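Presented as structure tokens, the chain that follows is alone, the form predicted on its own.
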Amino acid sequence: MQRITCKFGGSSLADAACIRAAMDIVKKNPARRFIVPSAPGKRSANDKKITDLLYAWHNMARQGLDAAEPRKIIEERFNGLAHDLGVSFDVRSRLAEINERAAQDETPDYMASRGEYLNGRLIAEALDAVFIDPASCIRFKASGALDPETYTLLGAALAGDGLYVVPGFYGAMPDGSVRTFSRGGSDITGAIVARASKSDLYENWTDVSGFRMTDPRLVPEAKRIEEVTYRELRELSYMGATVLHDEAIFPVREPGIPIHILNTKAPESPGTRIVAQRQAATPVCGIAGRAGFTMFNIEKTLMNKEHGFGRKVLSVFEEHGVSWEHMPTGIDTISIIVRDDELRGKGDAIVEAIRRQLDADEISVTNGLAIIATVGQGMNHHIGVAARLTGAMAEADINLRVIDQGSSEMNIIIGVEENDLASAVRAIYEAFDDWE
């Protein structure tokens, strides 16, 4: 019999009606046996996220302040859910346990994970399912990387019959302390559960009916993507497509488990399937962009003759603890593009270190840059993709600051001024949405 892992996002579990809809989805297909819930999301624009309240609770407790307000809101929220769902969930005793730990840990990971933990307990009771605490099965190495032993431990825990609920977002370090993934990490947990349970399909239920060709906030009429490969989605997610966490691809890619993005509010919608291989009907499957980049431009005559010059440049960024994103080069020039949240005010120190260590002729810094990725495995079979893209930029009167095409010919990266991000994305979409 087919096995399906279902991950439900916070917006899909925001209130009792949403949870009932998710439970109905599970019950409609007996193959849906492994359930990964997020913490309850916002019920309205002015509502508070449970995870944000837990972070606040941790910070207040660490400072010796009374965290009665966030605790009260959390208690009322889960009490309301338990009452509406008709389950006898002892919220108060669970929160008392959490309160004892609130000020003990320097990091907020344990506290931040309790939204998923409590919601998992609640949903397991409502579904009469087996609850599995990720801290007992999902293991991180001391480095923070996922320990492959996870798949053996979790697979054994999920080997029985019936339904299982495994909360998202967290696991445990070698010493047993709770460690969370980055925000949105329940997507990763879902992929881990799908692999450990040997599922045939990983359904990721959210509040949108799959991926669009680009951000619908920028292009409201953007078409839905029917199918996208792991590699294509990795590129799009990393560059700002936020339907799925970009690291959720890794656990399922090796065993080739498809991911299906579906909408809990429109469960009959076909959504988007994420697969290992697909037939590329069009050259471009998606466009994603984000602002917040800085580019360091380094010029030195005969740079290409100087052995190790690129390594020395990158070592400066390494010494300052800054990861780089892209590295366009010329004969006598090299540019390093970094995210502003990586840079954290270290720009002047990096420039000085490059000047001192590499004796560069000229160094300049370009701030306020947006990076856009145009992605599609069909690009390498179509002549003129780059020409069409640059032509679209010229017609929209947008100045290209960077253009870089990977050797895989799966993406073209361009850099524009942040103010031109929305216009550039729309221009690229209009250039490719009907080109076959």
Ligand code: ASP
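Everything numeric here is computed off the predicted structure, so don't read it as measured data. Residue positions are given as counts along the sequence shown, with the first one as 1.
The same protein also has a form predicted together with the named molecule, omitted here; what follows describes it.
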Practice task
Using the partner position in the model of the complex, report whether S186 sits within 4.5 Å of the named molecule, counting heavy atoms only.
Solution key: yes
Practice task
Could you confirm whether T374 comes within 4.5 Å of the named molecule in the model of the complex, counting heavy atoms only?
Solution key: no
Practice task
Could you confirm whether K49 comes within 4.5 Å of the named molecule in the model of the complex, counting heavy atoms only?
Solution key: yes
Handout entry: Interface membership of F211, the named molecule in the model of the complex, 4.5 Å heavy atom rule
Key = no
Fill in the blank from the handout: Of the candidate stretches 156-164, 85-93, 249-257, 178-186, the one with residues having heavy atoms within 4.5 Å of the named molecule in the model of the complex is 178-186
Problem - Interface residues of 138-175 toward the named molecule, as seen in the model of the complex [heavy atoms, 4.5 Å] - result: F169
